[in-house]
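A single chain comes next, written as structure tokens; it is the form predicted alone.
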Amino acid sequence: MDMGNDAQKQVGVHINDSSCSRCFICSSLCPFDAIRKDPETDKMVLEIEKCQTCGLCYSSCPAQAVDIIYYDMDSLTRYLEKAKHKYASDTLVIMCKGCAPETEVVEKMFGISEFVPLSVPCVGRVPENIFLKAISSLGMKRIYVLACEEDYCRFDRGSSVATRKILALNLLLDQLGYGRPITLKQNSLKVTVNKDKCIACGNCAYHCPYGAATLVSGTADIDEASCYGCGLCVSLCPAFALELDYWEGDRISAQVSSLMSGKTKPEVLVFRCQWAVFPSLNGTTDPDVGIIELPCAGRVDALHVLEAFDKGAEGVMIAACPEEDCKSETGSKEAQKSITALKKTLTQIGMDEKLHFCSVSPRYPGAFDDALREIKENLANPSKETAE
């Protein structure tokens, strides 16, 4: 399934021309060349099909002329006001989803155990005013920021923008008498090899989009400097010899079991690329839907899909980025191939219509909900062939 016309009526980013000062900061920062000046109208134009909704234009616009649906000032402020009371902490941690899927990463890197977590698709998208509000109005004493290493930023410039922003903020806060309360660290997740399990099949070396995997002396070898942590090689390893930090196979299996053993068992279990959908900060969820976020749809393992069915899921959906948007080069394409092959196998037992693959993008906020509605309708009204 691809995004339908209804999903395209609303877009995730918009330039408000009446407020735009034509300063060109947005176009100079955009990693995807999605913003340009129209020479005929002298207006800044956003080409939504190129936009990856990274939010750098929003957080950097001095005229506040960029409107964005995800993680804007209002939603971030509301979240922090509630979270401050919920977590009863004066320490804030802002983390990129790409390098900190688990709070234990934060605890290990910063040596803290109690904090207010704020997880966003890129720390570069957080406006300076949020930092200032957190310290001056919400009473945060320390702010820790965990970003991807600059060479591994899924939005190319997000980590470098965050680095410069934090440097300037610390200088300003120091002059205002707050000291330098913001600490930045960078991290990236890598694939590891259990050489005792490796059978030297070469799958990892053949499929790795970055050339990080090779065969050396009869076993797989991962060059950490080249690995982007997409997890594609992990899902394709027949010997279970590869693991990705914090997205290990056993950990994902445990998530499947946890979701499917709850008091309210979800009807549909979704394996979702974390770059394909940007969830709301308010934490609202559909009790009929269980969601497991992955670093890339390419990390989807047929074993985990089958585990979901075995534990009672009526349907399973894989939500991936469109191929042209894939942050891991070939992850979406390989995931679709894998799911197509699995559907053919499930056809033999009449379960193929219970497994769905969809391509969605945060540039169209309604796309994911449309895909969920479609799978629910299919489950409620199976085709005649499946019913028989």
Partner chain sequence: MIITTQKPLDEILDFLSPYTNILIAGCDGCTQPPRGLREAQTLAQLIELAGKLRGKNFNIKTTTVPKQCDSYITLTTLEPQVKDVEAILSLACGLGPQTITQVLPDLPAFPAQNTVFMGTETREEDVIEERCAACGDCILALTGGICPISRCAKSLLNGPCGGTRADGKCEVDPEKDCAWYLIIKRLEKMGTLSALEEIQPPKNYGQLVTGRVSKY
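On a predicted model such as this, the values are computed, not experimentally measured, just so you know. Numbering follows the first chain given and starts at 1.
Here the subject shifts to the form predicted in complex with its partner chain, a form of this protein not shown in this document.
Heavy atoms within 4.5 Å of its partner chain in the predicted complex are found in one stretch of 106-114, 259-267, 124-132, 201-209, which is 201-209. Within this chain, T41 is remote from the site of its partner chain in the predicted complex, having no heavy atom within 4.5 Å. When contacts are judged by a 4.5 Å heavy atom cut-off, L118 does not count as touching its partner chain in the predicted complex. Within 4.5 Å of some heavy atom of its partner chain in the predicted complex lies at least one heavy atom of D310.
Its partner chain in the predicted complex comes within 4.5 Å of no heavy atom belonging to Y246. Only one of the listed residues (L346, I69, A65, L46) places a non-hydrogen atom within 4.5 angstroms of its partner chain in the predicted complex, and that residue is L346. In summary, among the residues C237, V316, V277, V145, the only one with a non-hydrogen atom within 4.5 Å of its partner chain in the predicted complex is C237.
Using a 4.5 Å cut-off on any heavy atom, the one residue of 351-382 that reaches its partner chain in the predicted complex is M351.
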